[in-house]
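For reference, the chain that follows is the form predicted alone, supplied as structure tokens.
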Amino acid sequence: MNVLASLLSGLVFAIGLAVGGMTDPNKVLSFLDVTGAWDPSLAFVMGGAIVVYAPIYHRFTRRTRPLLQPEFYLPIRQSIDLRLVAGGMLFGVGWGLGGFCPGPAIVSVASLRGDVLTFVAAMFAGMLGVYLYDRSRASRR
């Protein structure tokens, strides 16, 4: 049941990203270009997502446990450190240079476009680098 729920959620998410234009890097870059030919339409996409998600989040986090898992897995760390800031900056630079963030990039892999495949390969290389770094730090402890 969990796999089916995950598949359905991912499919709805992918369709929403595609319909909303989030998989078009030119549209994303136009949204980020606030001093030039700014295209505010993605703000409406994000606003619509928040309007749909906020009441659902509020309702379901008041439950003692989620529907398909034994417990909620919510972030508990609230401090801001160098790793968080550096990660946010890298995310922003990648988004600004490539016009993709991770979700829309993975959805766009289906297009088999070279720029998309390059972006996703670089994204996974970065993830692998962080994973290996974290493992090496853990093994030294």
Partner chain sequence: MPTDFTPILSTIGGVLIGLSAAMMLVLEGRIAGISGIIGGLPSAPASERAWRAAFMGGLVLGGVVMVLLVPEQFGSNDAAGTGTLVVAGLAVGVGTRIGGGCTSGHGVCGLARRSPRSAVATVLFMTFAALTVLVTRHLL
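Since the model is a prediction, treat every value here as computed from it, not as a measurement. Numbering follows the first chain given and starts at 1.
FYI, the form predicted in complex with its partner chain isn't displayed, but the following is about it.
A.B. asks: Wondering, does residue 8 line up within 4.5 Å of its partner chain in the model of the complex on heavy atoms?
C.D. replies: Judged by the heavy-atom cut-off of 4.5 Å, residue 8 is in contact with its partner chain in the model of the complex.
A.B. asks: Using a 4.5 Å heavy atom cut-off, state whether residue 136 contacts its partner chain in the model of the complex.
C.D. replies: No, no contact at 4.5 Å.
A.B. asks: My question is simply whether residue 35 lines the interface with its partner chain in the model of the complex - judged by any non-hydrogen atom within 4.5 Å.
C.D. replies: Looking in the model of the complex, residue contacts with its partner chain include residue 35, since a heavy atom lies within 4.5 Å.
A.B. asks: May I ask you to check whether residue 78 falls inside a 4.5 Å heavy atom distance of its partner chain in the model of the complex?
C.D. replies: Contact with its partner chain, yes.
A.B. asks: Using a 4.5 Å cut-off on any heavy atom, which residues of 1-27 would contact its partner chain in the model of the complex?
C.D. replies: 2, 3, 5, 6, 7, 8, 9, 10, 11, 12, 13, 14, 15, 16, 17, 18, 19, 20, 21, 23, 24, 25, 26, 27 sit within 4.5 Å of the partner.
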